[in-house]
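Next up: a single chain in structure tokens, the form predicted on its own.
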């Protein structure tokens, strides 16, 4: 009978090398290792059955890729649009998944009414406080963790804060009636000694506002190119240590982990995770992908896929070796909808654990194996 043949074929595909033993999903392996395995999602794709079924089967955490960024969720001065993000949250609740929120403050993807508004520092502070409290408040009790501030440090000048509307154009630093909270005269002196270019009181204010809106949510600072021990991560480490000493409500740091050129300094990544978790905070890997060069036929080489798998395995193992590293998240999960192609002008791609047809790649197997081996 045809249906029996199809059922037998499906069983063989899902079994472990024909043994009849079904392989674990990423979600099942992560549950056994005591970690969250997540991915960023696009709500418009949830209507695609292969996308939705793969997402629900393989992951226990989701994060909207763009639906909570300012230009989408806060398109007008007085208007908020939660419709796209609500789709992600509703999907996650139905499938018993944790929800990360991304992101409350960023220098990109802001609406023109905000960037061209010519606001005073006090007006801008009022707008930002309202945004944070409205968005976090809307998802109070549903979103368990937020990327409060994203990519505040400069790529061209590692260790220095970038110039943004939030910091100095015009910034909210000069808004009236704010003074960084300090636990000692020494900390106050250290803050006062910083140059205006190095102060981060605006970041501190954002964490306080988010905490006021949902005291139970975990609050993260999220950054690119800070996964290794380097000048940027050194500056973030100093900021987080200062926040922890003074009681600023920061619970974790997110390392994006966009890997290019098939190179990852895993030893430095592990050392970096270790020093941050030693501060008493959590670390999440928040946006991992491993871009591969694409050749004439638009496909990667088999040896590159194997190397990619090794990187996924090693970074997952590094996270699992530190109890304070509590989540691994990829930036999308299928090459069909990865940002890498457009970002690299089609010279790179194939960065995620599933190919364009939702077939598991060597990276998927390597990630699952690391999760299975990393039981805590």
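Because the structure is a prediction, the values reported are computed rather than measured. Residue numbers count along the first chain shown, from 1.
This next part talks about the form predicted in complex with a small molecule, which is not shown.
- 256 is the sole member of 256, 87, 199, 282 with a non-hydrogen atom lying within 4.5 angstroms of the small molecule in the predicted bound form.
- Proximity to the small molecule in the predicted bound form, defined as a heavy atom within 4.5 Å, singles out one entry of 91, 209, 106, 243, which is 106.
- The candidate stretches are 150-158, 93-101, 165-173, 227-235, and the one lying within 4.5 Å of the small molecule in the predicted bound form by heavy atoms is 150-158.
- At a distance threshold of 4.5 angstroms between non-hydrogen atoms, residue 307 is out of contact with the small molecule in the predicted bound form.
- Residue contact check for residue 339: one or more of its heavy atoms lie within 4.5 Å of the small molecule in the predicted bound form.
- Using a 4.5 angstroms threshold between heavy atoms, residue 331 counts as touching the small molecule in the predicted bound form.
- Interface residue remark: residue 27 is not counted as part of the site for the small molecule in the predicted bound form, having no heavy atom within 4.5 Å.
- The three marked residues, 130, 133 and 214, fail to reach the small molecule in the predicted bound form, with no heavy atom of any inside 4.5 Å.
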